[in-house]
Each structure stands twice: as structure tokens, then as C-alpha cells.
Ligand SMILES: Nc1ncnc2c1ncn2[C@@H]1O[C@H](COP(=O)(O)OP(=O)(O)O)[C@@H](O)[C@H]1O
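Just the one chain here, laid out as C-alpha cells, in the form predicted alone.
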Amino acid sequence: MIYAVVNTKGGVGKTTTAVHLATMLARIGKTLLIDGDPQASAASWAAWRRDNPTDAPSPTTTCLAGKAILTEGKQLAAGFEHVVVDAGGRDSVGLRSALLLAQMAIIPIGASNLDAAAMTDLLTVVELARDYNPVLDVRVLLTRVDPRTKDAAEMLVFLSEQKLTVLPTKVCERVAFRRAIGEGSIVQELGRDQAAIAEMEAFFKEVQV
């Protein structure tokens, strides 16, 4: 299965989602994590993981850019059971290539008006990708949610109007995610925040095919 974790907006937890998904997939099979974001945040996480050795399974991580995400990614994917592509931060050749490569696109999104505006632009790109990749399954994941506000409920109304498939799990804004990424880990490996662990495990069950 090839997943693309994408958004044209930064700060939505895209890399956090991608590295958690790739590491959880590595527990059940050989997994490739492709960092296709110019900021190379997933590659930084992988480097920190190498600096803090762990007995836990790890995805193989590589960096690809632009059209190489599709051309080289397709060749590399043949050697793995699972592939996760971290792409985006803006509309780019790399993001569009990731959508052409993937079987499932996961779109992490916050719950602000800015997130909704960016989502409108991204949906145009997704629909173009579906013209060439009709099997692309698109799922939306609400991330960095503040449970004290009604923002998530308002965003769900917007997403429903767009006729998008929204995953039941909502990932809240938690310090545990920042700490895990900074240590090259995932929240399950740190084991300190049970709520964060439960959210990621629930998300994984919802997208695992």
C-alpha cells in the first residue's frame, strides 16, 4: 500500500502523521518513508532516530524531489510492503507526483479558517490527480485539535459540505508529539502520554488496508 500524507499548508502535523504512520507500518512489514518535502523534516526525524538507537522497527527513509517522487518512488516501492510519502507544504511538482504515486492520500488538517481556505486549493489539485490516478482514496485527518473549542465541529461541517471522507479519529495538540519527533521516536515508544498513543493507534486502524 502506498500512502501520501499531503497538504499545501504547513503547520498541520503532516510530518508527525507521516512518521508515525510509517513507523507503525514498519511493525508489520518492510516500510519505506519517502521525504518529498523541501524542508526535509521527515529526513531530520530519521537522522535523530539513528542518533538514538532503538530496538523498535524503523522505516527505511529516503529523500526524493519533484517528478522523482513518482518515477523513482514507483521503482523503490516494488521492494517494500508499505510506502509512506511526506509531501507538500505548498502546491508543487513533488506534491502532485505523490498524489499520482499513492493509493491513499491522507490530508492532515487543522480547524482554522486558514486551514479551510488552504483545503479549497488542495482539493483542486486532488481532483486533477484523480483524472490520472482514479484509484486514489482520499481521507482527511483532523489534527492539532484544541478540544476546548468548537473549531473542530465547525471544520467537520465544512468538510462534510465538500463531500470528503473524514476519519473518525481526531489528533489533539499535545506536547508528546513534539517531544517524540525531536527524539526520532513516536509517542508509543516514549510511552508517556496515553491519550496521544490512543489517538495514533486509532488513526492507524482506520487507514490500514
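Just count from 1 along the sequence shown to find any residue number. If you're wondering where the values come from, they're calculated on a predicted model, not measured in any experiment.
Not pictured, yet referred to below: the form predicted in complex with the named molecule.
Exactly one listed residue, out of Ala40, Cys172, Leu159, Ala56, brings a non-hydrogen atom to within 4.5 Å of the named molecule in the model of the complex: Cys172. Interface membership of Arg148, defined by any non-hydrogen atom within 4.5 Å of the named molecule in the model of the complex, is ruled out. The named molecule in the model of the complex is approached by Thr15, whose closest heavy atom lies within 4.5 angstroms of it. With a 4.5 Å cutoff on heavy atoms, Arg49 does not count as touching the named molecule in the model of the complex; it lies far away.
Taking non-hydrogen atoms only, Arg27 never approaches the named molecule to within 4.5 angstroms in the model of the complex. With the named molecule omitted here, the record of contacts in the model of the complex names 175-183 of 160-168, 64-72, 175-183, 27-35, defined by a heavy atom within 4.5 Å. Residues of 190-209 include none with a non-hydrogen atom no more than 4.5 angstroms from the named molecule in the model of the complex.
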